[in-house]
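Take a look at this single chain, the form predicted on its own, given in structure tokens.
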């Protein structure tokens, strides 16, 4: 049996996680070694990835776990260990590996049960890797649930004063959404008469979408939109996010914003939109409504925030609303923009939450009006704040600019003048980031403790890794774009009604 490099990646991630939990005071070294090893394997996948295999998944491995026997004459239904990646999966693997390395380095001085803390971080990363490589629906769901458990404990044990409330709220929201998602996926398999839970098998079923009645597709698509939308998060199912971010430790906030939110967008692109075309067409106006609502509501609430962490959390809702809008367009440019924007947001939000944690470490508060003129005392931290803020508001030469420009261009092509709604929200985004920078970084110093120090070396190194990629992919976005478009979604492989395979328009 040939073993896929993806299986090696998963074994490495879960094995390193287990070692970290039992490593005691040496846990940080084991965690860093595991994180670097997974990054090296991911870079190897990047180097071996073929840009010419448009219509297939790469590094495939499919092994049958067990088979349900069907009625006489029926082939039955198999559950497989099925892994593989395409150009949509690979950027998320790279993002997960990079964020994990940067977060472990940032938290190098963690003293509160470091084995548990770093072990939970690595377990979250291992589950994320599993989500992004799974081609079997049940395997996808298992890894999806694996991600929820360590994040619950990270918030509940290492979080702030209201950590137990925030952890419980996070778990209830996301688990309920997961159950709805699973029921919808299982119903889709049974109603579509798939031969297995491997969702790539639908390419062999002619007229797959026509085999499920339109009314059923509408309900199934609605269930997946809710299940993935809660994780995205889209308004009005977003209220778990600000509480979780504010109470989570810095590393937990970084993982939440940079990685866990991307699971929602990834699930919509991978499962909901391509597999339920009739339901998608019927509910596309609802998708646009939720997208515009998230964009406007996230930007509006960000303006009124005093807590730096909460401001970044609400700005994430705004940015992920643009992602939902781009996905909802369901065009080649729209899907490419959505993946690129999620990758960009992962880097930028991860940097901003690290900065929020460092501001609290240096000044004892995240209350924006309480601190000012920090450039004179902490110039490196202030520089990082400037880079993160400018990247988030879409400054050219930084990674968010090509992503947002592509999303707005795709919106103009499909919706014309409705593009001015997210563009106006972008102006508000620029306004609250510039206002925040003016209050925190400039003017006469105030609210700065006498013993305030600039960034410690580990925190600075964690941020520098993200800044380097923010600049690299801002100047050379084609390095990602050429990868993203190597996916079956961009080819003629997803049958519509009657077996027509047009691919994305």
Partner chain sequence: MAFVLIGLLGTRLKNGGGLWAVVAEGLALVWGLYVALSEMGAPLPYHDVSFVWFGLPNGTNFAMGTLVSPLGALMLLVVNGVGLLVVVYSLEYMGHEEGLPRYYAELMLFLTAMNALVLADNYLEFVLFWELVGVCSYLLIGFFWKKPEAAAAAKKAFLVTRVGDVMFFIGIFVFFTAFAGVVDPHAVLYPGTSCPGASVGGGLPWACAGFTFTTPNANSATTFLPAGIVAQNANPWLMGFGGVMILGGAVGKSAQFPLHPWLPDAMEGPTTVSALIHAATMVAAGIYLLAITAIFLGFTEITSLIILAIGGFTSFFAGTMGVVAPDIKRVIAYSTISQLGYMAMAVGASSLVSDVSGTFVGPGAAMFHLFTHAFFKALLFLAAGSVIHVVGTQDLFKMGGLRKYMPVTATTMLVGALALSGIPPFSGFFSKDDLLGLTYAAAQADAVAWPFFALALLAVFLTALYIFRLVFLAFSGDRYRGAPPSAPHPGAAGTHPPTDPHEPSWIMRGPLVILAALSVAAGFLPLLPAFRGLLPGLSWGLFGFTYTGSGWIFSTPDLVISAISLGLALLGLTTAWRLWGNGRVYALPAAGPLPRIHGVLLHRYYIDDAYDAFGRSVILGIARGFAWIDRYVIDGTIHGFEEVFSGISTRGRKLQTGLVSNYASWVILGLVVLVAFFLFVVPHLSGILGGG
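Since the model is a prediction, treat every value here as computed from it, not as a measurement. Positions refer to the first chain, counted from 1.
The form predicted together with its partner chain exists for this protein as well; it is not shown, and the discussion that follows is about that form.
Contact with its partner chain in the predicted bound form, defined as a heavy atom within 4.5 Å, holds for exactly one of 284, 332, 113, 200, namely 332. In summary, among the residues 363, 408, 343, 140, the only one with a non-hydrogen atom within 4.5 Å of its partner chain in the predicted bound form is 408. Picking from 115 to 123, 82 to 90, 372 to 380, 129 to 137 the stretch near its partner chain in the predicted bound form, with a 4.5 Å limit on heavy atoms, gives 372 to 380. In the predicted bound form, no heavy atom of residue 17 sits within 4.5 Å of its partner chain. Under a 4.5 angstroms non-hydrogen atom cutoff, its partner chain in the predicted bound form has residue 431 among its neighbouring residues.
Contact annotation for residue 211: at least one heavy atom lies within 4.5 Å of its partner chain in the predicted bound form. Residue contact check for residue 152: one or more of its heavy atoms lie within 4.5 Å of its partner chain in the predicted bound form.
Scanning 167 to 194 for heavy atoms within 4.5 Å of its partner chain in the predicted bound form gives 168, 169, 171, 172, 173, 175, 179, 182, 183, 186, 187, 190, 191, 193 in sequence order.
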